[in-house]
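Starting off, we have a lone chain in the form predicted alone, written out as structure tokens.
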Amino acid sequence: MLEIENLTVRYGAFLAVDRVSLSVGEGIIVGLVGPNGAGKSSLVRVVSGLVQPVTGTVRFRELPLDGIPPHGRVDRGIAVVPEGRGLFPQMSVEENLLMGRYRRGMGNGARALMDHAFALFPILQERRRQLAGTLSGGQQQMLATGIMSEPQLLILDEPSLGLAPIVVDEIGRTLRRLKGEGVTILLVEQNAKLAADVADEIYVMQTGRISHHGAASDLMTDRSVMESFLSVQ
């Protein structure tokens, strides 16, 4: 579904991503794990259309995304939940959900998708009139999950950041459920345990490069990879 080939990103003289290639197959969860500063968020920004790479190509369903603006990528079926969640804190839970539907239209489908979001996260239904900025961190992450745009590919950047372990476990269960509903997921994380628990494949990224790639079950038995995992938790 997503193919990234020979991607290089620079900010002035700083090399953030160094000739990275990775792919995300349809219907699976792929984890991209690495420490802070490894280049993971820069890669996400390129896929989002917010940063232009120095070299490399990004293809979605075999079509290049060159020249496609961020909103056009949403229209094609890519939803990105950025680090920090990107909510509208002075708007209600319900209003934030509807904003996530803006590019797709506000017809009957929007109400059905909102009901689906409430089924996934009942606490959001209880607090549908509450301002998003007053929710707990875990509730904000639930709200940010980008299902309202009916994504084919959902990219989450550090969804576990700052959350208690019990909430992280709930995020993991939600990701598995979304996968079961046919959503392809790229999970970008420092939390290697979460990635290992939910992902089918994992890429380990360090200092702008991919250092390891393989099935999650295989990587977790590789000592050198385990040392990398332990270093990023």
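For every residue, the number given is its place in the sequence shown, counted from 1. It should be emphasised that the depicted structure is a prediction, and the values quoted were computed from it without experimental measurement.
Heads up, the form predicted together with a small molecule isn't pictured, but that's what we're talking about next.
Novice: Give a yes or no on whether every one of F14, G39 and S42 sits within 4.5 angstroms of the small molecule in the predicted complex by heavy atom.
Specialist: Every listed residue reaches the small molecule in the predicted complex, so yes.
Novice: Of E83, E150, E126, D115, which one comes within 4.5 Å of the small molecule in the predicted complex, counting heavy atoms only?
Specialist: Flagged contact: E83.
Novice: Here the chain is shown alone; which of G27, P35, P69, P64 has a heavy atom within 4.5 Å of the small molecule in the predicted complex?
Specialist: When the small molecule is considered in the predicted complex, the option within 4.5 Å is P35.
Novice: In the predicted complex, which of 56-64, 178-186, 42-50, 191-199 comes within 4.5 Å of the small molecule (heavy atoms)?
Specialist: Of the options, only 42-50 has residues within 4.5 Å of the partner.
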